[in-house]
Ligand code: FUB
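This document starts with one chain, in the form predicted alone, laid out as structure tokens.
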Amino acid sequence: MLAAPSLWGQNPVIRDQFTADPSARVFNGKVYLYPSHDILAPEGKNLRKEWFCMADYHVFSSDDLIRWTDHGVIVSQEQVPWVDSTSYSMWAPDCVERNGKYYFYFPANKKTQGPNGRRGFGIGVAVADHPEGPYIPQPEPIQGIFGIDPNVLIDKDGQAYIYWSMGQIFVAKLKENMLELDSEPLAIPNLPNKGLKEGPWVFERNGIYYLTFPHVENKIERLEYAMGNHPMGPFTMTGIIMDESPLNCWTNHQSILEWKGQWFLFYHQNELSPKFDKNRSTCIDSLFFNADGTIRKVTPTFRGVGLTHAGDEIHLDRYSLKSEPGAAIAFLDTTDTFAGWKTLLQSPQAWVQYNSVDFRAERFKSVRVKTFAPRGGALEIRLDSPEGAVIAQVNLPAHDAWQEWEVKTKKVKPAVHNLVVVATQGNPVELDWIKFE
């Protein structure tokens, strides 16, 4: 049974579990998300408490980048014959479609040593008839690969290539069956020698091949890229896609795709786990190119992508802009970060702005606001900017528990608007969400 869609559309996009290393693909007109699944190390398993711990993979789908459906576990470490099921090492995956079959590639620690005496990481494949599964794992990993972070590109001529990392970034051709190598692995040259490189993701645009990857140039990873004219290179180092995380997350991991005429960057950060950066969450932001084909640097946002329907709960803590000082964000419950955040308007004229709210579908007559204000307060809801037209005023009596209030609104022109909520009195007000009815 499929889970009900989660209505987010802000970053992070999945908030009931941790989802790192997001591989995003378009299948049958939908976006499918194949992340790894961070968990805390279970007790009694002889695992490092302060390290990555992943036992299985989920797949999610969306037709608008806002509503995501969790299709459940598609592969777990207990299902795969060659995987050491005590290692909890199911790291960054990928998935591609060929001839009506879906090939899910994943790394994990192996049970036994290979002919070269190596145990360590292998890369396996699970095959399905549908993008959400069920997936059947192959009995053995791909022979000739020792590494992590698989990524597969099927070029325009039909030739498939697989990329992976282990100290360096490697590439090899795949056979038509998508299960075996068709060339010797090549260590891609001309990439930075200093610092960790991992997580390759390769895509093509206008005849240019982009090799993207996380790289530790300083102390933590940033997203970088190189450009070339062939899937196997040579590649020329070109620039930075995303700087190091302002949250100080040690890793990042990316995928890049085009959907409905717009390019998107999928990545991860640890905002839902600020004290433990081995529990990470998927985010999405728009990505743009310069006229010469180079990539414009992406700044991570809370707002994310997509339109928010005015009739949905609008969580202003995923703001586009806010006043400095005066407005702040905090967890609703520090013991349960999956409960999300709240907005704190702490001084007169403090404000928070949330962009791209869709009022086109229906005529709204009122707005409902969920607040916490022990000393009372007053809010104004404005359109398009902090100085914009006031469409609702909310006068709040003192209340020392979360409470919902409904007030009438002025007529709103059917369009996509930015929303701004302003505190008009000196008393601090906390906001969970607003929605129009």
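The model shown is predicted, which means the values in this text are computed figures rather than measured ones. The numbering used is simple: start at 1 and walk along the sequence shown.
Just so it is clear, the following notes concern the form predicted in complex with this ligand, a form of the same protein that is not shown.
For the three marked residues, 317, 358 and 417, no heavy atom of any sits within 4.5 Å of this ligand in the predicted complex. Contact annotation: residue 373 falls outside 4.5 Å of this ligand in the predicted complex, judged by heavy atom distances. Proximity of residue 54 to this ligand in the predicted complex: non-hydrogen atoms within 4.5 Å are present.
A residue is said to contact a partner when one of its heavy atoms sits within 4.5 Å of a partner heavy atom; residue 253 meets this definition for this ligand in the predicted complex.
This ligand is not drawn, but in the predicted complex it has a heavy atom within 4.5 Å of residue 198. This chain is displayed alone, yet in the predicted complex one of 110, 322, 268, 342 has a heavy atom within 4.5 Å of this ligand; that residue is 268. Among the residues 241, 327, 310, 148, the one placing a heavy atom within 4.5 Å of this ligand in the predicted complex is 148. Shown alone, this chain has one stretch from 78 to 86, 183 to 191, 294 to 302, 244 to 252 that lies within 4.5 Å of this ligand in the predicted complex by heavy atoms: 244 to 252. Residues from 79 to 99 that approach this ligand in the predicted complex with a non-hydrogen atom closer than or equal to 4.5 Å are 91, 92, in the order they occur in the chain.
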